[in-house]
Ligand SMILES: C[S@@+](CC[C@H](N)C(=O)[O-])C[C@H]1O[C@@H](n2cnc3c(N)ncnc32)[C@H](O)[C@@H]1O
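The chain that follows stands alone, in the form predicted on its own, written as structure tokens.
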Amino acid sequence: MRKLYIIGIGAGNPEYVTVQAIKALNAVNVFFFLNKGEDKADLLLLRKEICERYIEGQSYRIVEATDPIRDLSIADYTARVERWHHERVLLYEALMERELGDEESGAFLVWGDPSLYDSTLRIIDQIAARGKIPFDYEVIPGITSIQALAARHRIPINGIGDSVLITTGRQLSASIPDNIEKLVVMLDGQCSFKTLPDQDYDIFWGAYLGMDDEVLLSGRLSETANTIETVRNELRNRHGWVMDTYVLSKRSEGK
């Protein structure tokens, strides 16, 4: 039976790849890589570098395919993502059927960890539910951008006895629960931290975490927000893409 590995490869640094992931890499016959365009070629090259660095004495194939583009004409966000996921289901299913032999193993290399704001597991679940191709699959966890961010800023994510909210920029701009002291924000292309009515937070921000182009900024949100937005826009214009994550920590009285 075909087998798939969904391998978390960490947040940008090849040295974030775990021993478990390396063992899985060396069991794979076919790697499926999505080409997201010239602007994001770095993401594809890093995956190839990881294979070249860690696979020993094992022949393997790399199959590239063009990633479907989200249809921005679909106004509803959920419907737009579901349509995009369906297109990925059909693409992944076709790749597996055409490129993966009955007794071979394939892999998708997921940035960060497959469980956190990544669609791969949902796509694979839908392919399995369709029942067209019999296969088994295994998930290998990876170091998230959250872990990398905390390590690079040398901060704990949670306060003593406090909860932590992991959310997106889209949700941040909607509301923040009153009892949350610490927030981790991902997928914020609009710098939603600037819209918070309460700016009394410290922010710990990072982009391209673990990569050569890594940038770290921190400070009081009310004093740092504009700088982060300017730097983020400059980085996006320079590279054509940007991956960033940040922590917001409620300031204590008198701090």
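What you are looking at is a predicted structure, and each value in this text was computed from that prediction instead of being measured. Don't overthink the numbering: it's just position in the shown sequence, from 1.
Separately, the form predicted together with the named molecule exists; it is not shown, and the next lines address it.
Undergrad: Only one of L116, V164, A94, L121 comes within 4.5 Å of the named molecule in the predicted bound form by heavy atoms, so just point that one out.
TA: Exactly one listed residue reaches within 4.5 Å, namely L116.
Undergrad: Among L196, A41, I55, L187, which has any heavy atom within 4.5 Å of the named molecule in the predicted bound form?
TA: Here the answer is residue option L187.
Undergrad: For the interface check, one of 204-212, 44-52, 24-32, 223-231 should have non-hydrogen atoms within 4.5 Å of the named molecule in the predicted bound form; which one?
TA: Stretch 204-212 is the one.
Undergrad: Check whether M243 has any heavy atom within 4.5 Å of a heavy atom of the named molecule in the predicted bound form, and answer yes or no.
TA: Yes, M243 sits close enough to the named molecule in the predicted bound form that at least one of its heavy atoms falls within 4.5 Å.
Undergrad: Does W111 reach the named molecule in the predicted bound form, with heavy atoms at most 4.5 Å apart?
TA: W111 belongs to the contact set for the named molecule.
Undergrad: Does any heavy atom of T144 come within 4.5 Å of a heavy atom of the named molecule in the predicted bound form?
TA: Close contact exists here: in the predicted bound form, T144 approaches the named molecule to within 4.5 Å, heavy atoms only.
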